[in-house]
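Form predicted alone, single chain, as structure tokens, below.
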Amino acid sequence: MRPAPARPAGGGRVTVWFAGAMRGLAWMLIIIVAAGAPAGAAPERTASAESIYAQAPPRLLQIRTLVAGAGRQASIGSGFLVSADGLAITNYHVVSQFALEPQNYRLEYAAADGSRGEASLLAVDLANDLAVVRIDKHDAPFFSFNAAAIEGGLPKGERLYSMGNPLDLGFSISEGTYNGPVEHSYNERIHFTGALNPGMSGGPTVTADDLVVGVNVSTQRGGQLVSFLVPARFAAALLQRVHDQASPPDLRAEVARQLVAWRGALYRSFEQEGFRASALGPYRAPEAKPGWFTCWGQTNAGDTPKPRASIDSTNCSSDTSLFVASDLNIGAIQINHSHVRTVDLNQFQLAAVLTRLSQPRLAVGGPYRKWYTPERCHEDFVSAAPPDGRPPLRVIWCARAYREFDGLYDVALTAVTQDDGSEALVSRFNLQAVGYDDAMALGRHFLEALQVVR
């Protein structure tokens, strides 16, 4: 069974991230110690957790996005002060509604001492899900970054303490373990074995000496205490960018600029590593080489009643999702191959099965209409000059454009082999937020890599 995807630990629309209605703010401090206490036993408090607990409140914030016209919160997350003049770090997804629609939303902070006020958004880092805000606090205590974490020298197994305001219940501290960078991920994240819950996004995770090693960002649904942090060096770099900039940029334009830059780097990296060949029956199909792809296989051989067509499939997907808005996560790349063989179907019946398997999958509707144009598809037959080993193909190319971000497309490429009446390979290659030139080049390489060996 595939693991469920990670989701932000807080921020976004309340109806998306929170399972129940949010309660009123209750500024209480809760200690949540590491898992592993026997059932019914009182949790053990560590000296480090108690020390951090005592010092944390003046430096922690709740960051709220409010509907400007109604004055009601639309999302909440956490943040933490990183300078004496009121600069604070949080997640981009906590403030994304304001960044994209400043005319409809405003930002507010609330502190543990009961103070609250307006917050201004100064900078965002879309790729690393970070943002810097300024609040009207001066000469307040603040967090500092851990030098070893900045340099990548933190040892695995180090005890860490994550802080935030889960489910609007009050500030909490959660004890866990540093497990190093997540493997098979394009965007660098830290694997933290500790509890992160909705509302804790943007809070700090610190070592026993109270120095920040990461920023709370997400948790793995379906896992037990599998959580993720943004490495501290990205937060430190964004903070330095704020110090260096003369004035805050147009944030909506900055989101678009960063999105295009991230997309360009992603597909350059993919093109550089390219494909490797995988065998499915007599066919050789392309799979992605980059280590940030995960592949799974399945078959219908054990289905009841016995299938009339045997289908063995592989599916490879990239860990490259990028949060843009609460209803727009982009950047995924998927490769799917299905080797189809007739059991007792004639050629016409097999053709009907292949037609069903090759239907385009870029339907646009519902809330997605505001982000995408309707898709357009083109179908044709492609034949290679023998004897290069490439089978004749029926190819379907579909694309849709992003309404808000010029030059970005979602593309779905489907190819069905036409070399045999009793079996075929159905191959899919889906690209999100890709540029036209990249889509054309990668699509060509994908089709050229489809081979048959009989």
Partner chain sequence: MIWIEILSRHRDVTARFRIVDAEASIGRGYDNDVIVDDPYVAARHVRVFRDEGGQWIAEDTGSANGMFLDGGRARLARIVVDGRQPIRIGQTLLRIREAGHAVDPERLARPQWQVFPALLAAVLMLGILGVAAVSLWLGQTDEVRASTYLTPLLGISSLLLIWVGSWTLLSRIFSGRSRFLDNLLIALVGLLAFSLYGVLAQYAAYAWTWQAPVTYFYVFAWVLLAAAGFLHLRTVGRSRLWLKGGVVTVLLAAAIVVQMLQRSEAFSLSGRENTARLLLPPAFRAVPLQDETAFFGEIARLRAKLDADRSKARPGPAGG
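Numbering follows the first chain given and starts at 1. What you are looking at is a predicted structure, and each value in this text was computed from that prediction instead of being measured.
Only in words, not in the display: the form predicted together with the partner chain, which the text now covers.
S.K.: Give a yes or no on whether every one of Gly71, Ala110 and Lys156 sits within 4.5 angstroms of the partner chain in the predicted bound form by heavy atom.
M.R.: Negative, none of the three is within 4.5 Å.
S.K.: Given that the partner is absent here, does His184 sit within 4.5 Å of the partner chain in the predicted bound form, heavy atoms only?
M.R.: Outside the cut-off, so no.
S.K.: Is Pro374 near the partner chain? Define near as a heavy atom within 4.5 Å, in the predicted bound form.
M.R.: Yes.
S.K.: Please check if Leu447 has a heavy atom lying within 4.5 Å of any heavy atom of the partner chain in the predicted bound form.
M.R.: Looking in the predicted bound form, residue contacts with the partner chain include Leu447, since a heavy atom lies within 4.5 Å.
S.K.: Glu379 near the partner chain in the predicted bound form, any heavy atom under 4.5 Å?
M.R.: Glu379 belongs to the contact set for the partner chain.
S.K.: Of the options Arg341, Arg276, Arg116, Arg252, which one has a non-hydrogen atom that comes within 4.5 Å of the partner chain in the predicted bound form?
M.R.: The residue from Arg341, Arg276, Arg116, Arg252 that makes the contact is Arg252.
S.K.: The partner chain isn't shown here, but in the predicted bound form which of Leu66, Ala401, Ala56, Ala49 has a heavy atom within 4.5 Å of it?
M.R.: Here the answer is residue option Ala401.
S.K.: Pick from 305 to 313, 276 to 284, 79 to 87, 239 to 247: which stretch has a heavy atom within 4.5 Å of the partner chain in the predicted bound form?
M.R.: Of the options, only 305 to 313 has residues within 4.5 Å of the partner.
S.K.: Judged by heavy atom distances of 4.5 Å or less, which residues of 422 to 451 approach the partner chain in the predicted bound form?
M.R.: Tyr436, Asp437, Met440, Gly443, Arg444, Leu447, Glu448 sit within 4.5 Å of the partner.
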